[in-house]
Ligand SMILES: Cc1cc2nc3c(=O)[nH]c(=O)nc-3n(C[C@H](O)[C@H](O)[C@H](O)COP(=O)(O)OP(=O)(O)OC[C@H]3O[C@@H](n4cnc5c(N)ncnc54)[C@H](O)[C@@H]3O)c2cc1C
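Take a look at this single chain, the form predicted alone, given in structure tokens.
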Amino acid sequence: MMEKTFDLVIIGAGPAGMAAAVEAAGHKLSVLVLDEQPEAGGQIYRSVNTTERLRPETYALLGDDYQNGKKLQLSFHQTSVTYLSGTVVWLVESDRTVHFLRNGSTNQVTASRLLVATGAQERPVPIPGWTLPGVMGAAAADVLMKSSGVIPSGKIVLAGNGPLLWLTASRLAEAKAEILAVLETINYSNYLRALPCLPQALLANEFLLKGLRMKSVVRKAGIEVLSGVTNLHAEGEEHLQKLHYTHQGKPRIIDVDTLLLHEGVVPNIQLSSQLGCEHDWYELQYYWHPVLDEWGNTSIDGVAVAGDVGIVAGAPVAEASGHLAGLDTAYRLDRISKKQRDDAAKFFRKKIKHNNAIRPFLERLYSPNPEILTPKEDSTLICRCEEITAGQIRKSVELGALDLNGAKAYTRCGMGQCQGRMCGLAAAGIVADTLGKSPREVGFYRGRPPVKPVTLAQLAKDENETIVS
């Protein structure tokens, strides 16, 4: 097994990871970037070069938000960084030794400083029937469009809430997909909660205008839009056939081939949790996030976080936070002075401040609906890996579980290959609801290696060749 040391190891090649690499390499640091995808860009800028080259019509359809990634990706590839795509990080030790799997072999490198830039993930939405073929996340459908130009076939319904729901709906509408309806699960009280934040949001009015344009595209396409929808229930024999829901107190049924669910995105905290970084509960958006200082440093010495894995704020903020982390790394490794770091950071802090002006408004308006996040039906599957239902989790509380990890011990919920990535927040909501506590009080799963599946054969296979990008 080959070992090598870098000044900075970055896990994730999305907007934050690429920006941090560009910044750090510009200050003559040795940088290694590890990423699971075949092409740099993360989920936001996924396959941007390939899409432009092979699917120019899709590239044009995805618009400026997507195309902006090309410039950053070009800057990234012009640096001296070592970039390893198709790489799965499965363990990070306290001395910042990073263990990863690539080409079927395990490797390890050691970092003077480590940056976790693994981004966000779409929040799983465990409604009854959500595991049926034909039910998927709205963001997953957006990723399919970027990576292969594929759009869902047949009759489509989008259900949930959040900006990405509308972005996906507008893109699919422009792609002439057969969308029957957009069903918003938003609570009407959210409008009142968000209203006081509107004056601040107007400081970044381009985002408000973008949202209005997306909704206009959907409505001009003649797509039905219903708000205040509850009691979502997917039904079918071997695949999705019908969607049940309630609107204005009346139960409804719609025939559908594809259901795209979305209730926002949440930080992908598997690595920061496995490292033992301190985390905090963000009530407005119902997720855990690492506790960070103004440069993205965590509670663990030498470990920083950049991008949506910290607080979800979108690609422009993620990119700026990556630059800040790169500057701070250069300062801490004695490449630049404190004044040089602080002066260079002013531009990026200004960018973050502008882009974040919209966040208080959006986060109140699109606060997730607890009714959907904590399913009432005992038969609803929560843990797909271990096939654990909501009823089994509630039963574990009756048997004596006092927190989420206690429920895990009773049920095996969260012990599967995804390590709680798919079930953790929903299971925590059920335990908290049953105990009459807040999700903060019941905690989250303890992060344990391997973060991603790795076989014994792969662990036994040493990689003695020199790492090359």
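Don't overthink the numbering: it's just position in the shown sequence, from 1. A quick note: this is a predicted structure, and the numbers were derived from the prediction, not measured.
Another form, the form predicted in complex with the ligand, is not on view; read the next lines as being about it.
Here the chain stands by itself, but in the model of the complex one stretch of 284-292, 244-252, 119-127, 175-183, 119-127, has heavy atoms within 4.5 Å of the ligand. Among the residues M145, A139, A111, V303, the one placing a heavy atom within 4.5 Å of the ligand in the model of the complex is A139. In summary, among the residues A318, I393, A325, A159, the only one with a non-hydrogen atom within 4.5 Å of the ligand in the model of the complex is A318.
Each of I11, Q37 and L167 places at least one heavy atom within 4.5 Å of the ligand in the model of the complex. Under a 4.5 angstroms non-hydrogen atom cutoff, the ligand in the model of the complex has G314 among its neighbouring residues. Contact check for L32: every heavy atom lies farther than 4.5 Å from the ligand in the model of the complex. Although the partner is absent from this view, T79 stays clear of the ligand in the model of the complex, with no non-hydrogen atom inside 4.5 angstroms. Contact check for T380: every heavy atom lies farther than 4.5 Å from the ligand in the model of the complex. For the stretch 74-112, the set of residues having any non-hydrogen atom within 4.5 angstroms of the ligand in the model of the complex comprises T87, V88, V89, in sequence order.
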